[in-house]
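Only one chain is shown below, in structure tokens, and it's the form predicted on its own.
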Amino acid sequence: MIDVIIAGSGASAVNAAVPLVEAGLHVVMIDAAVEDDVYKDIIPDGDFDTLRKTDEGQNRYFLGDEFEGIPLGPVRVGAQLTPPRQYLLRGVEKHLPTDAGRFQAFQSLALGGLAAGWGAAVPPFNDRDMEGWPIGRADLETHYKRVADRIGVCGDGGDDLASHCEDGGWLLPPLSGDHNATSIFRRYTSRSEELRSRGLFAGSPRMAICTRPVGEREAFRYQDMEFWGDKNPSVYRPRYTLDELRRHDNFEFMAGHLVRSYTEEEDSVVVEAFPCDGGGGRTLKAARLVLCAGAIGSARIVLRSADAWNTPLPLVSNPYTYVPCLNFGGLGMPDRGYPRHSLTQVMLFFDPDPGKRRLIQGQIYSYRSLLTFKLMKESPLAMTESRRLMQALAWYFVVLGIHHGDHPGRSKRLWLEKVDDDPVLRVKYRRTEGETAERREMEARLLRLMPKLGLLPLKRIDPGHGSSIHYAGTLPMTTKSRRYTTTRSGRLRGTRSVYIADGSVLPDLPAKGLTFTLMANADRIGSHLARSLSR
């Protein structure tokens, strides 16, 4: 019999699998594993500027064969998905039917899950972030280190983010900043005492990027193509860990299948896996099942398995705001060969009222390789004038992304319904007036400080609920024994052999990006199962 079945192949799934496989257990991972079969092989291994100037076939991957890279309408979830990343959405509508109203429930059947196209920011949580949880930072410390050594995490542990990130000695050297980062840090350094006193802390972004070789992955090459392809595998993707797992004889990967439901027997769990291309399903039996299908996907599987129709579960998601800014502090800076990349250039924490509310996190990007025409349609000027303006100022545009924390509430729910005998997941998400007012107040206070960094905010863009693509809390860890909650070890209450090791178990969300903590917690749960099954 199989020791452990894992549903999913994303960041949580592969990191839960590592300690199980290392313990010699027989592990089977099941996933749809959708891959890009259109653009991956036609993107040259080169830097953005060179490809724009020399590649005659660039229109295929920059604009798309069907011009799917030209977004129409307002900014929405997935706006950062370039044509080579849009395979992340393939098959979702068919296999994961969802009616989310105005909530943007971004789901993926891709190999590696949502982290196949993530932004790679990895600020760790601290005890303040996990206040009220059954676990604290001490429970994750070892696992943060294990994951960091596995995936490669870079940053400057001695900068002003140290008090909020509390990096555990695992950091590789930080990324080099471009001209925008250079001018922003120059202004921050000259005013750091004042800005810190007002709650603003800036520093080198904590990123899942190898700035020097890690295992078989090479050091980062500054090509500015991170939104388009993975020719340089230094930015972590879960499939790199999956490739390592597949070298072990005690690990099997069952691609092209989805776990829909499970049933428990006295000493095992029976899993139903169905092929994505149709046909009959397969039944597998294991000692344990670990669900890593994402907060929304794992909730779907649990509700369907329990035949729990119209049973609401909680849902939390980081509110997210985009703010295009003009870096007037860098105007006139010449191009002196600054290294360029598409990911976070500067990481911020705004913490003006310590102890009174949770902080908000900001990430500053240089707006270059996503193509300027996406900004042109947000300009209040006519197209001709916008084009001229963008051409003149594109070098100095940055985008500030702002993340807020989120807590469960009565108006934040998902449930499973039968529609014509087919299961449809429904989502209802609405923030309270108080939450909305606090969000706007905190953003206004933060944006008032941006000129001190040389940034002029141009427009506040709210892409809507769910746009952060950070979801959690559907099957939360609790100390109280309630159905559809999990123990601190990840076991789903009411079951003997079903464990949850993804964002479902996080009771709420601080403002920080969650993926690093998901990976560390998955490693923690996988390590617990490895010990219990090896006895």
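Only a predicted model underlies this, so the values are computations on that prediction, with no experimental measurement involved. All residue numbers refer to positions in the sequence shown, first residue = 1.
We do not show the form predicted in complex with a small molecule, though everything after this point is about it.
Heavy atoms of Cys292 reach within 4.5 Å of the small molecule in the predicted complex, making it an interface residue. Looking at Ala11, you'd find a heavy atom of it within 4.5 angstroms of the small molecule in the predicted complex. Using a 4.5 angstroms limit between non-hydrogen atoms, Leu514 touches the small molecule in the predicted complex. Among residues of the shown chain, Leu506 is not one whose heavy atoms approach the small molecule to within 4.5 Å in the predicted complex. Partner contacts here mean any heavy atom within 4.5 Å of the small molecule in the predicted complex, and among 216-224, 292-300, 174-182, 132-140 they occur only in 292-300. No residue of the trio Phe201, Gly401 and Asp406 has any heavy atom within 4.5 Å of the small molecule in the predicted complex. Put simply, of Val427, Val259, Val153, Leu161 only one has a heavy atom within 4.5 Å of the small molecule in the predicted complex, and it is Val259. Interface residue among Ala120, Val316, Leu453, Leu359 relative to the small molecule in the predicted complex, by the heavy atom within 4.5 Å criterion: Ala120.
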